[in-house]
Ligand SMILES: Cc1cc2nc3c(=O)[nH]c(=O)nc-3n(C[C@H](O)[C@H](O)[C@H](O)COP(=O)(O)OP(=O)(O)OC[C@H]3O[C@@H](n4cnc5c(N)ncnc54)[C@H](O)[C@@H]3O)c2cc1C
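Only one chain comes next, encoded as structure tokens, the form predicted on its own.
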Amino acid sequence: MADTPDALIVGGGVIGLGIALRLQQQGVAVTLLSRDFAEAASHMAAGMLAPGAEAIPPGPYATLCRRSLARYGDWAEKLETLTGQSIGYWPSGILAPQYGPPADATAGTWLDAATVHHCQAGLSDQIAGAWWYADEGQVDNRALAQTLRLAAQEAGVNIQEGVTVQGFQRQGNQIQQVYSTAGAFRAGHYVLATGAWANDLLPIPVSPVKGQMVAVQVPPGHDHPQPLQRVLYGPGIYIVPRRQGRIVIGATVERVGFTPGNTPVGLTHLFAEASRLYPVLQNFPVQDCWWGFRPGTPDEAPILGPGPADNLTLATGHYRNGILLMPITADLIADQILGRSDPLLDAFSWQRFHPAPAAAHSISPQPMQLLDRSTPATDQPVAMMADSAPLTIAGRTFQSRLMTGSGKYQDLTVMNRAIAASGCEIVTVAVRRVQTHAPGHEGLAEALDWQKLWMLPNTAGCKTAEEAVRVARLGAGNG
């Protein structure tokens, strides 16, 4: 068994590294376990700092993003001072071009077509204007990850690379140790920051959302070494310039589990949308293409704060904004572990997805305590489960007991959003109405991700007993 640190962090992306650095700087001895540094979602991002351009609606999530954006300059300066390396922080502002007039007011400044084309040459003639977000920008996400790792190591964090955690051993309301491919590790406090893989260790609703990306390079001899001077956040595409002539294009949104690889369909979509928005780059040579897995949650907001054990903290589910949220996550989680919890964390509790069990088994933030080494441990790994028992139907297990319908929504987009926000895993469908393309049911079967959801057919729309029996039998065989 390894030496016992004060805190053990599971996950080696920018979130885990940021937390490790902040804790170590405050006198906490930290060990960080990383399965594969190169696999972290941090490496597949574009590094945008864009809460306004992403049109995040007002609320706790927008507040979290804004507070993190405000901290980036300070974090960049300190990281670069500690390591002597640049993280590519560039508060260049972000343009969000529109192909039509603005539909809604936002926190940005609206620029008409003439002003936009003067601000950034080479945009499509179809652009009718753009929102301008002067306080937003980017960092080089890969440089950020490397610099954070170096800063954490130099601060004294014990980084164990190539270690896969297999389970938590829990006794009462305490984690006793974690089991891994490198043996058992014990600590006074544990932090789960494994991104898209969090659900492998805890029954929390984090799932992988694949994103494909590509980069082109401004060719030698071009009129300007970097003709794109601002991040472009367009409809369905974003284009991010780097200072060395590299231009990053992203990203697809694919709910295909952990299916790896770039695909012709994904890359074609990226090239087509990027060329439509900024035609200048369509003849630039391709430099690189890659993919990664974002950690998505049903409401697309992160899971932060105390977990389902007194000495366990969660920091996962950052989806598309892990890079943006690194500073605020590191600060808030480090403070919470040390007993200085911010009320903002309440909005991001794992318990929001399990409201009924949470009322009876509420976990309050606990200051970090060193492990009592006299506590006996069992020899076998036990994957930790939430306090509420899962629901099992016909041999299939569900974490949510909520079942939702699929009819009478305004449109399919509203339906998808409502189902995602509910956190449910079972959706009832009027199969007969879908088959007959009844009003409001056109395209419904294709609109939902049935790899993630379980269809529970109902007999609505059946006109005879024979039809109803056939649909009921279909439901009995659905898996």
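Everything numeric in this text was worked out from a predicted model, so none of it was measured. Start at 1 with the first residue shown and count on from there.
The form predicted together with the ligand exists for this protein as well; it is not shown, and the discussion that follows is about that form.
Heavy atoms within 4.5 Å of the ligand in the predicted bound form belong, among the stretches 115-123, 220-228, 158-166, 85-93, to residues of 158-166. The candidate spot formed by R67, D299 and A330 lies out of contact with the ligand in the predicted bound form, as no residue has a heavy atom within 4.5 Å of it. The ligand in the predicted bound form is not approached by G52, whose heavy atoms all lie more than 4.5 angstroms from it. Contact annotation for A20: none of its heavy atoms lies within 4.5 Å of the ligand in the predicted bound form. Proximity of I56 to the ligand in the predicted bound form: non-hydrogen atoms within 4.5 Å are absent; the residue sits far from the partner. Remark: M403 does not count among the residues lining the ligand in the predicted bound form, judged by a heavy atom distance of 4.5 Å or less.
Proximity to the ligand in the predicted bound form, taken as a non-hydrogen atom within 4.5 angstroms, holds for one residue of Y133, W75, W197, F185, which is W197. A193 is the sole member of I337, A193, A152, L304 with a non-hydrogen atom lying within 4.5 angstroms of the ligand in the predicted bound form.
Contacts to the ligand in the predicted bound form (heavy atom within 4.5 Å) from stretch 39-78: E39, A40, A41, S42, M44, A45, A46, G47, M48.
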